[in-house]
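Only one chain is included here, represented as structure tokens and corresponding to the form predicted alone.
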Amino acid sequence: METTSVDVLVIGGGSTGAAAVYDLARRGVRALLVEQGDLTTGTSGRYHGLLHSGGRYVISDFDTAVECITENTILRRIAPFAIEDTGGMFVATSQDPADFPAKWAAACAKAGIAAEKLTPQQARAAEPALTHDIVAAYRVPDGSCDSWNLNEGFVTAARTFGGDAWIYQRVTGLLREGDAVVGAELVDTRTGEQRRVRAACVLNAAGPWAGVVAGLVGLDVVIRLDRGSMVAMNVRWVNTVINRLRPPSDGDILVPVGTICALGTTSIRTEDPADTRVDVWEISKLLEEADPVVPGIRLGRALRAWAGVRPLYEPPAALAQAETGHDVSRRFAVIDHAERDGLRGFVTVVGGKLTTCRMMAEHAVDAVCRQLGVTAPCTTADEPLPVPEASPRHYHQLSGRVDRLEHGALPGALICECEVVTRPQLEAHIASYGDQPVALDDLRRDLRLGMGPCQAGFCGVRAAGILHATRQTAPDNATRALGAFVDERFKGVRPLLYGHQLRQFALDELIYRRVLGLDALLDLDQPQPEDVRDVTE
């Protein structure tokens, strides 16, 4: 078994793990990040895109609110390529608690969150889609953040300082010698190849899987897993983040992200860190809660639904008393297992928000450095991430791509009409993976391939053909790659089978199942009619 040696092994390729490997590298520590999927395929890639001002938590979770506004300012400075400064509004209607706005505004002032009071007329002038039933409105420094771009920025920067990241590497065991963790055993989820990494310290930043990773050496890290679902509407109904001015609840956020508007979120307890199912009632709930603020949105076209699992952490007594995930603090915790459990070489970081990922990484890396005797301070808040201006990793705006296409700056055949992706772009990103396997879903995260209204109905087969031609893979491999991509796209559409998206789904199904015969090519069983009735009802 091949063995690699580093100073620190970081487990988890979400925002905290990516920020941590960057932090370690800047401190001169040889660090390697491993992730069981692609970067940002867990919770960090399954959120609503909100860069929090802290306003959402200022009453129920004051410390988290302070952390959010602090890190909001830092991320804007160090990662502007991943952030759109949409601004935010908190809006109360006559359906919301009448005494809440005044208490909320006072708490914002205490937390240092700039909350500018608006008249209902000013709020609607800025966002005409808002309801006429506004009793209070405030402007706050919310924004939207592309987590894929942010994490790619952290990892790209880490590599410039000598760090590295390996994707599709699942941890199958932790190496232990006496009272110390000294590394991990990995398996490549694409090839089955096994390898070993030896390290002076292991940082467990696995998010919902943190308890599973800790359990590999018999440690108990109690996490409340809380599933939250979101839905993407096909246009930006608003250009400002809109929050309901009420205690945190289901369906009280609307976030303009790229070309769409994300509605979120629900809160459902789960025991499975990979639980990304979406129930039909959740979609109804999100649309019903958004409609009083943006009238008519529930009748709009919903493109896709998705869910992520929040790893919430508090002392066991507090977790036991919480009725829903909304009642659990979003603060993060760093567990030094040398202090808590007498096991050296192992640190866990869990909880928190994507907005606070850099701060979480700083505190976790401080604990790691104490174990290693490293005295170099954290400098990740001091200067922008060294991402070249010409890098394709920038905040996605469809209008910019259309302009480049029309003026010849984006040449080549158009492969994905919805998100304006050309053949040269696909070929360049495929080449960037070198000798490593690449999936169509990887290209989706890179370029937003298949994320528009048709949900890969037209571009999927084209992209699979280009991947096949570029990599010279066997036809069966290209077919399986296409099948996996289409199936993943269809999963997010199934809870939304009504109206325009039902018509689109029927067309896509005809293309792939009847015209192309994808089921037969993959030797799959045809679904029975009752399966279709279940989802459409």
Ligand SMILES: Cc1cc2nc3c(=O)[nH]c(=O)nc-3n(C[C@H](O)[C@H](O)[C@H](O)COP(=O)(O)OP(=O)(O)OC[C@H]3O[C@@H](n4cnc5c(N)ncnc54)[C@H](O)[C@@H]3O)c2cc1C
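What you are looking at is a predicted structure, and each value in this text was computed from that prediction instead of being measured. The numbering used is simple: start at 1 and walk along the sequence shown.
Only in words, not in the display: the form predicted together with the ligand, which the text now covers.
Among heavy atoms of T355, some come within 4.5 Å of the ligand in the predicted complex. By the criterion of a heavy atom within 4.5 Å, G49 is counted among the residues contacting the ligand in the predicted complex. Although the partner is absent here, I11 sits close enough that one of its heavy atoms falls within 4.5 Å of the ligand in the predicted complex. For L203, no non-hydrogen atom is located within 4.5 Å of the ligand in the predicted complex, even though that partner is not displayed.
Among the residues Q504, T43, T479, T64, the one placing a heavy atom within 4.5 Å of the ligand in the predicted complex is T43. Contact with the ligand in the predicted complex, judged by any heavy atom within 4.5 Å, is made by just one of I83, L175, A111, V309: V309. The stretch that touches the ligand in the predicted complex, counting heavy atoms within 4.5 Å, is 204-212, out of 289-297, 127-135, 437-445, 204-212. Residues of 157-176 lying near the ligand in the predicted complex, listed in sequence order, are Q169, R170, V171, the criterion being any heavy atom within 4.5 Å.
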